[in-house]
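What follows is one chain in structure tokens, specifically the form predicted alone.
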């Protein structure tokens, strides 16, 4: 493989991996930046979206767990990937609304430690429910037939699905960005973030836009779980595994900044892909790919503690 083909491969693989981080981080960032709520259950929404999408789009074979013991070993609707994404977005959006209304809202004025404990506990509960119901075996997800080919670039062996992940992410993040930046809804949300008391004095109820923000963030996490499925088999712990890189993306991008999350996700994704595909002599750097993203995060935060595009907090 030529140097140019290597660089193209690293770029496309990095953008694809970064796209998954971006989908998760944008949801986390708008919830954390707007509601100041630390949601460690975001990974649970990711894995719920993955399983719901798998059930609707393709189907799954259950060989262990309560459902298998009850005789429900073959589950699924087989309605296709596009229908699966739409259903996942709707289902996880509604779950996000319910989560905000009945759990998160009660903790908005509580310390961050309380928010972390309750959301992390909820994530563990979801993880264990999935494990005892469906088993801990990883479920393979097939690429959609319309995206099962390879990128037509000589010397570059990358599936078309990776390109579709980048495009889907760009579309969804663009819609969310336009909603927040260029609509009356977004204006109310941003005003509430800066001075919620003033907004309430103007007679505007913030509970409705806030719950919608939560739902949108949840829906992005759910869609991320499904689109990442063909590249990373689904199992009950997958949401917990990807939660930390998603939080790192939020922090180095700048809390509350959608553009920052995009920049950070892109940097982390390309860094990870470069380390995975780089070999020095006979030594492959792939085992250092996870270490690399935390090293990049440390360097960025040393230079810009508020993150790439975050706003500096005046603590005086």
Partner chain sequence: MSEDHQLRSDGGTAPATGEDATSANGTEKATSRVPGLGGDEGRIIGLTALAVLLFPFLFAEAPVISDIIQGYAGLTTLILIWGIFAMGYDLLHGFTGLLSFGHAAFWGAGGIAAGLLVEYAGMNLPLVLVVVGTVVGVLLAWLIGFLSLRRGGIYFAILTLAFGQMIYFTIFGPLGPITGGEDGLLLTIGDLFGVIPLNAGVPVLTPLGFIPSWLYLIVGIFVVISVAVAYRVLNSPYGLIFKAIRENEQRAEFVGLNVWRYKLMAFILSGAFAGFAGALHTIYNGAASASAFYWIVSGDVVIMSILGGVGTLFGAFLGAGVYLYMSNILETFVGTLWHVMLGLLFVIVVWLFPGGIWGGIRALRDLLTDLIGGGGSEPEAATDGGEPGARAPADAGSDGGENR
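Numbering follows the first chain given and starts at 1. Source: prediction; values computed, not measured.
Unshown form predicted together with the partner chain; subsequent notes refer to it.
Requested in this report: Tell me whether 85, 180 and 200, taken together, all sit within 4.5 Å of the partner chain in the predicted complex, counting heavy atoms only.
Outcome: No, because 85, 180 and 200 lack any heavy atom that approaches the partner chain to within 4.5 Å in the predicted complex.
Requested in this report: Considering only heavy atoms, tell me if residue 301 and the partner chain come within 4.5 Å of each other in the predicted complex.
Outcome: Yes, residue 301 sits close enough to the partner chain in the predicted complex that at least one of its heavy atoms falls within 4.5 Å.
Report task. Give a yes or no for residue 72: in the predicted complex, does one of its heavy atoms lie within 4.5 Å of a heavy atom belonging to the partner chain? Result -> Judged by the heavy-atom cut-off of 4.5 Å, residue 72 is well away from the partner chain in the predicted complex.
Query raised in the report: Can you check whether residue 137 is within 4.5 Å of the partner chain in the predicted complex, heavy atom basis?
Result: Outside the cut-off, so no.
Query raised in the report: Would residue 40 show up as a contact with the partner chain in the predicted complex if we use heavy atoms at 4.5 Å?
Result: Heavy-atom contact with the partner chain at 4.5 Å: present for residue 40.
Report task. May I ask you to choose, among 98, 90, 122, 206, the residue with a heavy atom within 4.5 Å of the partner chain in the predicted complex? Result -> Checking each option against the partner chain in the predicted complex, the one that comes within 4.5 Å is 122.
Query raised in the report: So which of 270, 60, 255, 67 gets a non-hydrogen atom within 4.5 Å of the partner chain in the predicted complex?
Result: Among 270, 60, 255, 67, a heavy atom within 4.5 Å of the partner chain in the predicted complex occurs only for 255.
Query raised in the report: With the partner removed from view, which of 51-59, 287-295, 272-280, 259-267 is the stretch that lies within 4.5 Å of the partner chain in the predicted complex, judged by heavy atom distances?
Result: Of the stretches listed, the one contacting the partner is 287-295.
Query raised in the report: Listed by sequence position, which residues of 213-244 have a non-hydrogen atom within 4.5 angstroms of the partner chain in the predicted complex?
Result: Residues within 4.5 Å: 240, 241, 243, 244.
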